[in-house]
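What follows is a single chain, given as structure tokens, in the form predicted alone.
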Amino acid sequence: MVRLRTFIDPIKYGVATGRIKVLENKLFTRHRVERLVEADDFSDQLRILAETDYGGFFENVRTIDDIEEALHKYLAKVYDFLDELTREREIISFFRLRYDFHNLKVLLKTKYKQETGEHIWSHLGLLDVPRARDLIEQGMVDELPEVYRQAVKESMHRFEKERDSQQIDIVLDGYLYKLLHGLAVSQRNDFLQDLVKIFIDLGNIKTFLRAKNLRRKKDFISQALFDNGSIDKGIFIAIYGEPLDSLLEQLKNTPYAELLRVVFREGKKVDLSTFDKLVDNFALNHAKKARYVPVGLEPIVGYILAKESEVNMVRVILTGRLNNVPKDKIRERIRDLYV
């Protein structure tokens, strides 16, 4: 299989990988990030962005909502470009599906009056969100695209049975991870399959920690964990009633041990905001391995993760400035860089 891939990859990904290698040189460096943080004011930040390919998207940006809209349009352009470059819909779908499932969460929680807001839809997915909204509101779930249909049905059933909006998140995340796992397996690519395992492992760790913080019952954790990670979910279930240190003991020989040591606080509670940043850094550090692959799917996947991380970094810096967040606090929120 390795010899076959070695022969096929230059043909299949040669042009795309070459373009990606050039684009990597335009990713934000630590120097540019520091310039953005140290800029005198918001207008100065926009002038710095004007030197980059973000510039055209930020010409009339004034508010936090404007920032969000500009970043959405920018990232949509990145996805469209990569879709055209690779000509393999499955690869871009792998990433855009996450936004579709985010939108389904919003639509279902809106339906059940758990939250409101078209303003929190994402336009980065592949789902026709207004049509999906109408179908869900009218009870015509069978008219949804097949890939989402059963996930929505089960989410609605679980919520209506337990009246707990977190069940919507659990069910939809479970279906999303199954889809991502299936797409990764279909590509027969170890790097992509390992990435999905990391997503699932970190999702399970966070679910475990959040449930401990909220003192949820064991039966909740039993149904909230996901399959197909590198860590058997049975481990989390078995130690759920034990002190928090038990998790670190169980995972001490895994890549996640150091991450857990950082977020544990006095052995009683975990700072989940710190954990979120470390999770993003962990996934990005895995993605960095792709830079050393000369030709293949890996550099494309790595570049997508790098751009998503970069977009989030721009969001943190610009919104922080508009909200008068001190520069040191903004720096604390910035994730690692790909280059």
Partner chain sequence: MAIKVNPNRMELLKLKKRTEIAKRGHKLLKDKLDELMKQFFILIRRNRVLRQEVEEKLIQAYLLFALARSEVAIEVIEEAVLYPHAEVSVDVLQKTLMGVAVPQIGLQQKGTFDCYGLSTTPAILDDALQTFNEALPLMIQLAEVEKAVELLALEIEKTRRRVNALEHVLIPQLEEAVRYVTMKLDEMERSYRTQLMVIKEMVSEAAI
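Keep in mind it's a predicted model, so treat the numbers as computed, not measured. Numbering follows the first chain given and starts at 1.
There is another form of this protein, the form predicted together with its partner chain, and it is not shown here; the text below is about that form.
When contacts are judged by a 4.5 Å heavy atom cut-off, A50 does not count as touching its partner chain in the predicted complex. With a 4.5 Å cutoff on heavy atoms, V106 counts as touching its partner chain in the predicted complex.
Within this chain, N312 lines the site of its partner chain in the predicted complex, having a heavy atom no more than 4.5 Å away.
Remark: D190 does not count among the residues lining its partner chain in the predicted complex, judged by a heavy atom distance of 4.5 Å or less.
Residue heavy atoms within 4.5 Å of its partner chain in the predicted complex occur in exactly one stretch of 231 to 239, 157 to 165, 244 to 252, 131 to 139, and that stretch is 157 to 165.
Against its partner chain in the predicted complex, the set Y112, S122 and P326 is in full contact: each member has a heavy atom within 4.5 Å. In the predicted complex, G203, K206, T207, R210, A211, L214, R216, F220, F226 are the residues of 201 to 227 with at least one heavy atom within 4.5 Å of its partner chain, listed from first to last.
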